[in-house]
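Encoded as structure tokens, the following chain is the form predicted alone, with no partner shown.
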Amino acid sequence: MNDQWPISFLTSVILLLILVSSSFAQTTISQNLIEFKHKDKIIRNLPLAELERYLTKQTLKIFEVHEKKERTYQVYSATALFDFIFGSDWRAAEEIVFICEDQFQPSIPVTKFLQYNAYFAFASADNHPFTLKNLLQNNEEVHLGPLYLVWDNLSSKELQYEGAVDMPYQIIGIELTTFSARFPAIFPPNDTSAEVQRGFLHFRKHCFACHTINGQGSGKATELNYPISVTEYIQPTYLKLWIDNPTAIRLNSKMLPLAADIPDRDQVIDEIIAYLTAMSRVKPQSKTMHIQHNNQSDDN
């Protein structure tokens, strides 16, 4: 029996390694699975490796706003991917929502994809790891996969002015939707001023990907309106400073400042605050309120 024990033990170890390896492989595959939805219905789950069968790989050089330098990536055309998954119908749609591993959830109008050239990066093209050092967020080293949405910003000053807005990484889900149907609780009243309406558009573009309003949004960062609006407990001077330069209020804040090159930046901040102020009077009934619990962080 003693002579057989090492063989039995070795067999057990081998079986354990096989199980662990299999589990790791399944986890890796699931992490690289991209989920595609149309109006909240799943229409396809596609492993990242499968995209090569249907799309043409390209090389794209961009100004990497997260690192303030040029980078080159291996990419697939965004329009080609949307055509393959959604057919031509996506071009007449309203909005595309991107779901990321870290709960970041930007919603980008379809019109932007029709106006500018967008791509999904899946690897670096210069022997550089598929990571970046995010200078905009405390120099955090982040992994970009499975997919990273980038734009041909070297040919567009407007895209460079926008900074890192609409450049989500770690994309694991893509949904074609109607914004008003998906997020009805964040709209200001129809009778609000033009300043508030502009502020709403700015908020959608620059803030909504992280924050929630009345429980609707990504849930990556703090709820801003319910049950008490930030405009009700933060003085306007400090709220404006927070949007302008979060680390001036809270050391090592993970919140990004509003992009520095945005035209009329001070006015944009004022209009965002005007929107938040108007929304402080638009709150759902507590009994019907559905707050998203997604590990929201109070330091954002």
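Predicted model only: the values in this text are computed from it and were never measured. We number the residues from 1 along the sequence you see.
This protein has a second form, the form predicted in complex with heme C, left out of what is shown; the following refers to that one.
Chemist: Name the single residue among 196, 144, 96, 230 that comes within 4.5 Å of heme C in the model of the complex, judging by heavy atoms.
Modeler: Spelling it out, the residue with a heavy atom inside the cut-off is 230.
Chemist: Which pick from 116, 104, 179, 90 sits with a heavy atom within 4.5 Å of heme C in the model of the complex?
Modeler: Checked against the cut-off, the match is 104.
Chemist: When you measure heavy atoms, are 100, 132 and 139 every one within 4.5 angstroms of heme C in the model of the complex?
Modeler: Zero of three within 4.5 Å in the model of the complex.
Chemist: Do residue 36 and heme C share at least one heavy atom pair within 4.5 Å in the model of the complex?
Modeler: No, no contact at 4.5 Å.
Chemist: Looking at the partner-bound form in the model of the complex, is residue 159 within 4.5 Å of heme C by any heavy atom?
Modeler: No, no contact at 4.5 Å.
Chemist: Whether residue 258 contacts heme C in the model of the complex should be assessed with a 4.5 Å heavy atom distance threshold; does it?
Modeler: Residue 258: contacts heme C in the model of the complex.
Chemist: Determine whether any heavy atom of residue 65 comes within 4.5 Å of a heavy atom of heme C in the model of the complex, and answer yes or no.
Modeler: Residue 65 lies outside the contact set for heme C.
Chemist: 76 to 84, 214 to 222, 123 to 131, 185 to 193: which one contacts heme C in the model of the complex at 4.5 Å, heavy atom to heavy atom?
Modeler: Answer to the contact question: 214 to 222.
Chemist: Judged by heavy atom distances of 4.5 Å or less, which residues of 231 to 249 approach heme C in the model of the complex?
Modeler: Result: 233, 234, 239, 242, 243.
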